[in-house]
Every structure is written in structure tokens, then in C-alpha cells.
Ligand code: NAD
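Shown here is one chain on its own, the form predicted alone, set out as C-alpha cells.
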């Protein structure tokens, strides 16, 4: 469903009315070009603090792109700042000075990326405190620049140097990051070797990927984006959606598997289907889910149990079955779809919020276990995304939900899909145990 207010606010007449009335003006976001994905361009200004650790690695990570590295004399540029050298609060003036002098240079839909060290991995208390402050700073900057359609995000490196920095850095500078704002990506020791010669435009060539709930909405967008990146998609959805699923997968040269994921034999049937493919199984994306909203005092036990079984029980059973094989070992990916409802809670969604919070718990608890086998597990937590489900929300509530973020608009299904594609990239081997919100920096749960 299109956002009529966004269209109006960006029209010649609308701009005048919105300005006079002081109403929010949602910017038009620049998203990935499906014909030329993951292409980085534009001016980039890099800054560092005294004693910063990763300045050279930033240049190396972006060396093969069309990014033009510029000096502070540039009038328009994206900003990357290596804040890893901040070891005390006294040193934060370097952080202030860089952004005070250069933040106004951000172009429309510009990018800010800050790089720091994970506080929990720092022994010195003063150093850890100084680095933790970067989160609040980054989130505030994100809110300040959101009116321009620009985003700000933070990469924390965790005790292993700069290995794997290229994948998150490139993602956060790309058009795929259009609706990912105010987030922290923690980069840990890569679980498998980073491939030196990596095809950034089609990183999933020769790989198969399972996407559940693939017939429509966000799951369909995931399938389309992953196919764009070279994957052979095995789309899974309920038998009732078989015709719709087969049509979608046919258009992507993928495989349709009509399957009730709560069925007792579902995990084995899924494994059998994957085993028949020539491509290596790169990932399983657990997107399938339902809502059964009701105040807890009026919710039936069936409404509780059915949702919990689909949204987290079936995921656990499929994971258990897959990990009993070696199909994902040494390079595989598991991605769960959570929700900001699972982070902040939501009225009438106690069952849904429980299940989505449990997805985050699954990522947290399984990350170390998966890492030992060369597998990463991460989650994406969508906010207000323009789907048929949100289109059914009453008008006033829908408008409120759209404007309740720094970018003053709802996201699109492909915004969620881009984060999943980032997780699945072979170069994202150091991204493990993360939950990224795709919500335009929604105020709920901030």
C-alpha cells in the first residue's frame, strides 16, 4: 500500500502546506537498484581519533568501490568516523569536532558510520565507559539527520582487529541500508575464513537458501532479493498457498515446497528437499509467522499455543534437525525474523511479543554453539513495514505508526530483505549473534 501522505508532502503544493503547518515531511528514500545492487559511490570523508585502530582498514575495505575519498574541504559527503581510539570521556571532543564541522555536509539519503570497540571486551573501565557512550551519540545523530533520509549506525569490533570489517561497512554505506537507522552491529571473530576474492554484486552464486513464508509479503521480498544476489531459493509456505508460492518461485527460477512447518515430518521433508539440490545450502531464513492479537484476559489457550508453535516452536525443530546434519557447517547461516514487538512489547500482542522475543533469545543462546561449527545465527526485527497486514490497520493508527520513526515513514518489505541478504553474504562471517531492527529508528523500544 502506498503512503499517500509521503507523496503529498513531497509535491510542490504539499511542501508548502506541510512547512506552514509544521507537519512531518517524510523524505523519499533511495533504495538499491535491482539491476546494479550493492554499488557504492559518492564522496566519503573519513575521520579518526588519536590512537584510532582501523583507519587503514577502512580504506582497504572500500578500495574496490567507486567511493571517492575526500578531505574536509568537500561540500557534500558521507561520513565514516573511527572512534576506536577514544579511551576517556575527555577525548570525546575529537568526536564532537568531527561531526560538528561536517554533519551538515551529508547529502540527501547520506550515510554516517561510526566504528568503535565493544565495551564488554575492554578491560579498562574508563575506556569501556567512553566507548559505550558511542551508542547514545550515534542514535541521537540518527534522529538529527533522519529528516534528510540519512542514516547513522555503529559498528563495534570485538577483540580481533579488523577482520570482516568490509561487509558491515559496505552494507551501512549502501542503499540497502535505507531503512536501517540507529543500529549497532557487533563484529566478532569470523566463524570461517573470509574469501579474499569476493563477488559483492552476486555473493550468493552457487548457493541455495531456504525461505519460509515465501509466498507473499516480506518472505516474497526476501526471496526476490536473495535471487537477485544469485541464490537458488527454496520457498516454503503452507499448502493453502501452493499456487501462489509456485508462481513466485517460478519467476525466480526457485523451488516451491508446500509445507506446514508445524507438521511432525516437516523438518525431514525440508532436509530431503535441500539434499536434492546441487547447490550448497547456504542458509535457512525463518520468516514464517502469524499474529493472533487479543487482550491477554480474552485470549484463548489455542490462540496462544498455535502462534507460539508456529513462530518459535517450528523454528527450533527445524534448526535441531538441520544441525543434526552437516548441511550448514563451515559457512552456513541461520536467520530469524523477530519484531520490535518482541523488543518493546505491544498492546494485545502478548503471545506474538513472547514468540518474537524468544527468536532474539534463540540468536543470543545459539550464537556460540553455531560459531564452533562455522555457522552464524542472527535476527532481523522489522518495525512498521508496508504490507497487506499493516494496510488493514485503521487509518489514524496506520498514519501514527508510519510517522513514529526518525525517517517519518513505514519501511518496505525489501528493506528487511536487504538486511537478510547482508547476513547471508559469505563476507559476513564475523557477524554472529546480532539482532538488527529495520524500523527507521522507531521510537518504540528505542
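All of these numbers come straight from a predicted model, not from anything done at the bench. Numbering follows the first chain given and starts at 1.
There is another form of this protein, the form predicted together with the ligand, and it is not shown here; the text below is about that form.
Checked against the ligand in the model of the complex, the candidates 376, 223, 339, 180 yield a single residue with a heavy atom inside 4.5 Å, and that residue is 339. Scanning 324, 125, 104, 290 against the ligand in the model of the complex with a 4.5 Å heavy atom cut-off leaves one residue, 290. Using a 4.5 angstroms threshold between heavy atoms, residue 385 counts as touching the ligand in the model of the complex.
Within 4.5 Å of any heavy atom of the ligand in the model of the complex lies no heavy atom of residue 144.
Contact check for residue 238: a heavy atom falls within 4.5 Å of the ligand in the model of the complex. Interface residue remark: residue 389 is counted as part of the site for the ligand in the model of the complex, having a heavy atom within 4.5 Å. Stretch-level contact analysis of 113-121, 202-210, 282-290, 150-158 against the ligand in the model of the complex, using heavy atoms and a 4.5 Å limit, identifies 282-290. Taken together, 216, 259 and 262 are fully in contact with the ligand in the model of the complex: each brings a heavy atom within 4.5 Å.
Residues of 340-367 placing a heavy atom within 4.5 Å of the ligand in the model of the complex, in sequence order: 352, 356.
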